[in-house]
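Below sits a lone chain in structure tokens, taken as the form predicted alone.
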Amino acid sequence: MLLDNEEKAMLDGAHGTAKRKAMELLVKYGNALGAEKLIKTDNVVGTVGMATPFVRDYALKPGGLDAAFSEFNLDSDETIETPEFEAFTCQVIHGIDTEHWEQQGGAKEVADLQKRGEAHFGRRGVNMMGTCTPYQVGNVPVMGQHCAWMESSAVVYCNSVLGARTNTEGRESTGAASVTARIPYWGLHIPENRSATHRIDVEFDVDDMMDWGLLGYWVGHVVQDDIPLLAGVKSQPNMMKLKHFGAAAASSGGVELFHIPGATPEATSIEAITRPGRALATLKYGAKERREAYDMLNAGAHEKKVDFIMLGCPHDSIEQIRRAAQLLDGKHIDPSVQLWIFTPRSIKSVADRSGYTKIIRDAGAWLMSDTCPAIGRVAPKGTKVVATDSAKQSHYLPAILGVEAWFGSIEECVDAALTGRWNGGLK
């Protein structure tokens, strides 16, 4: 791998032990990937303060949070004092909501440790956004900007909707990028690797949130980790629909980038996002494929009586919270169920001030932040059957929590919360 003089100095230890360890990690990582060089980045989304059990064990040992950072972000057995971060860095989603830890079945000492971690790493330059949707709360890289982001739904949004460039990074590579402001130049950082591989002719009129989730789930299933181009989309998708599409496609497959002419920035034309001389695999999405996606998402659900309704994966926007509040206004959920809605904490503050949080609480539901059931492995005690408007959660929760999961619209999910039963279905 070719290193510039500044990178060589970091590798030689001229800029301290932390940067040396970080550079050693990046060089090994880049060599394994076949990267010829590193690229500068000033936008990192990673995790340095999540209160998960394996990190917590390290944080409670001698060396504390520095030891945890050294082990899990620099892959170092040696405890190194956490340095000031070189790159602009945001904390992705956490493992627990430190305000609602008790409701989530957590422990006070875990919430306290997370708060201590937030203060420790925040002083060193980590912005504690605590969300899988950093683009909703201020981290909006520009088209062509090189980033180092974690979290599959965030990565696919960053690449596709914003036109920035990132691969799906891990805890260690984002930690090293934060310290050095470098990441290996490979994969989707390289322009020619961003061309479409599949053309999906969308013959069914996809408009509402549920249908964008179904389309994403089917597309991810058929293209896996390739790059789809959606042709024939009739309605203009907004941020909420695109985040649900991307999250679903990144769950059933490994989609990190998609193109929609007229909606995503690199897709100024079909010619702009296709490689000359390379034929696209062409597929169609119609009523039959829509039914296939719905059946896949609900394949493991049988019991109509639900225990837990979960909204907000990826984290809800203020528009989605308002819609939930409208559906719940003046009503109360069934006493046999719980309804949790997840959003970034800064958006929750807007919901608090707008009166939506009070409507939700008056209905017996909760508006939570910082985590989700899949990441935090949090759910009401005794949960066996979940209803959710998230294709991602419907995909992962059966394996993670051992539950049945129904997928449907927000209206169907709120109805399940009010009645205690799943009454949804594909219309």
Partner chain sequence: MSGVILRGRTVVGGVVEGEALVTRETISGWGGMDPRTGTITELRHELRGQSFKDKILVFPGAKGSSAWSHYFHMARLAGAAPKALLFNRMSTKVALGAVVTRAPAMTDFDRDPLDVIKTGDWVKVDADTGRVEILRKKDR
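Numbering follows the first chain given and starts at 1. In this text the structure is predicted, and so the values were computed from the model without any measurement.
The next section is about a form of this same protein that is not shown, the form predicted together with the partner chain.
In short, of 343-351, 151-159, 108-116, 261-269 it is 151-159 that has heavy atoms within 4.5 Å of the partner chain in the model of the complex. In the model of the complex, the partner chain lies farther than 4.5 Å from every heavy atom of V140. In the model of the complex, at least one heavy atom of G253 sits within 4.5 Å of the partner chain. Among residues of the shown chain, M296 is one whose heavy atoms approach the partner chain to within 4.5 Å in the model of the complex. At a distance threshold of 4.5 angstroms between non-hydrogen atoms, G286 is out of contact with the partner chain in the model of the complex. A heavy atom within 4.5 Å of the partner chain in the model of the complex is found for one listed residue only; from N238, T282, Q224, Q326, this is Q224. Only one of L11, L418, I410, L25 comes within 4.5 Å of the partner chain in the model of the complex through a heavy atom, and that residue is L25.
The three residues V55, E71 and D77 all sit with a heavy atom within 4.5 Å of the partner chain in the model of the complex.
Looking at 13-37, the residues that come within 4.5 Å of the partner chain in the model of the complex, counting any heavy atom, are L25, K28, Y29, N31, A32, L33, G34.
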